[in-house]
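Here we start with a single chain on its own, the form predicted on its own, put down as C-alpha cells.
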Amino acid sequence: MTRMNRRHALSLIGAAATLPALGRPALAGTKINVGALHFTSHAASFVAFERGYFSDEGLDVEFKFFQAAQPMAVAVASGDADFGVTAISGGLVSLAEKGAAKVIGGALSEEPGIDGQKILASNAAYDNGLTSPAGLDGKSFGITQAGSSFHYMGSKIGMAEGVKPKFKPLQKVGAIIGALKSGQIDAWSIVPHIAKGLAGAGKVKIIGNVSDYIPNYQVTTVFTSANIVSGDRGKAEAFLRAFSRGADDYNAALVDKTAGDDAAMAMVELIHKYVYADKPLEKAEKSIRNGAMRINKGAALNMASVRDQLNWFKSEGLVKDSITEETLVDPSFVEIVN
C-alpha cells in the first residue's frame, strides 16, 4: 500500500481544488444521456461530443435517439435521459407543470436572412391547387402528436392565412415523410435539410417559409429534469458550456461561414456520422449544408417566442391555463432575450 504524508496529501488536495480553474473537469467521469434526433439541428450536441467539449467538462455522454419531441420529454422527466434538445411540446409543458422538467436554454432559431424551415405540399396536392399556404383550408397537415411543434407551426400558418388545416397525427417523422411522398397527407412543415432534400428529389413541393408566419421562432430548446435543476446545477451548467462551444463551431462553419472551406467540410463530415449516415457523404453533403440554421450563441433563450408557444398551447386547450412561464422555464442558466 502506498503511504502518504500530510504535506503530500495537502498538496494533492490543493491541486485538485485548482483543476476547475485550469479548465479541468469538476465532474470527471459523470455519465449522462442526451436526447437527440438525427437532424442537422442537433449538431451542437454532436460537435460537443466529437470534439471532446463534453469530456472537457467531465461529462461522459451517450446519445439516446428519438423520432419525435414528446417521447424525449417523457424520457428526461423519467430520468431515462438527462438532457433533451428539441421543440417545446404540450407534453413537455405538462411535465413542467407536474414539477418534472424545466427548459434551461435555447437552441435552433429562425433568423432573418438565414434560410429556415419550409412548408411542403405533396405532389398530388400541389397538382390539385395547393401551391401556397393560403390553400391549406381543409387540407391534411402531418404532425407527430397533438401539441407538437408541427401542430404549432401548422396552426399558426393557418391562423395567419385565415384557414383551418386538418391535422393528422402520425407519431414519427419518418411516417410523415412517407405519407407526404405518397400523397396520403397534403402538407407539412420541417427543417430545411429534410425539406430541400425531398423537394430536390422531386418528392414534394416547397410552398412557403415558416419564418414568414413565425418570425424569430425559437424552434428548439435545451431542457432537463427538475431534479437536475434543483439538485445538480453544476451538471446542467457543464452541459450548457459544452453545448455552446459546439454551437459556436457549427455556426462559424456552416451558418456564418467564417471558419473557411476546410472547416465547413470537416463539419459536414462530423455531422454525417449522425445525419444521413446511411447515405454516401457526397450525397448527404448538400442536404447537411442546406440544413444550416442558427443555434443560439450561449444557448440564449428567446422568451418572447417561448411565451407565444405557451399561449398557443393554452388557447388550444392542450395545457392548463394556470401554467406560467416560470413553471416551464428556469431563466437563471442562460441569457434571456425578448
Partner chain sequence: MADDLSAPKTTMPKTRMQVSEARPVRFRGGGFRPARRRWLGPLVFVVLIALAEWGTRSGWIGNLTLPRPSDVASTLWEMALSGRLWLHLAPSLTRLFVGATLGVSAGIAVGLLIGLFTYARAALVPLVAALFPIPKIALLPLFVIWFGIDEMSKYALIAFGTFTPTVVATYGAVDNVDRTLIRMGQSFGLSWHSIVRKIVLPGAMPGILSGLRISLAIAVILLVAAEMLGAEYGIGAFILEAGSLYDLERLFAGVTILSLLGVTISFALGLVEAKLLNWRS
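Numbering follows the first chain given and starts at 1. Predicted model only: the values in this text are computed from it and were never measured.
Missing here is the form predicted together with the partner chain; even so, the following discussion is about that form.
Participant: Quick one: find which of 189-197, 241-249, 92-100, 264-272 has residues within 4.5 Å of the partner chain in the model of the complex by heavy atom distance.
Facilitator: It is 92-100 that comes within 4.5 Å of the partner.
Participant: May I ask you to choose, among I214, L170, I228, L136, the residue with a heavy atom within 4.5 Å of the partner chain in the model of the complex?
Facilitator: Spelling it out, the residue with a heavy atom inside the cut-off is L170.
Participant: The partner chain isn't shown here, but in the model of the complex which of G158, G208, G116, G147 has a heavy atom within 4.5 Å of it?
Facilitator: Result of the distance check: G147.
Participant: Would L37, A121 and N123 all count as contacting the partner chain in the model of the complex, using a 4.5 Å heavy atom cut-off?
Facilitator: No.
Participant: Mark Q70 yes when one of its heavy atoms lies within 4.5 Å of a heavy atom of the partner chain in the model of the complex, and no otherwise.
Facilitator: Within the cut-off, so yes.
Participant: Indicate whether the partner chain has at least one heavy atom within 4.5 Å of a heavy atom of S132 in the model of the complex.
Facilitator: Looking in the model of the complex, residue contacts with the partner chain do not include S132, since no heavy atom lies within 4.5 Å.
Participant: Using heavy atoms and a 4.5 Å limit, would one call L108 a contact residue for the partner chain in the model of the complex?
Facilitator: Answer no; every heavy atom of L108 is more than 4.5 Å from the partner chain in the model of the complex.
Participant: Going by a heavy atom distance of 4.5 Å, is I185 a contact of the partner chain in the model of the complex?
Facilitator: Output for I185 is yes: heavy atoms within 4.5 Å of the partner chain.
Participant: Counting only non-hydrogen atoms and a 4.5 Å cut-off, give the residues of 53-88 close to the partner chain in the model of the complex.
Facilitator: Q70, V74, A77 sit within 4.5 Å of the partner.
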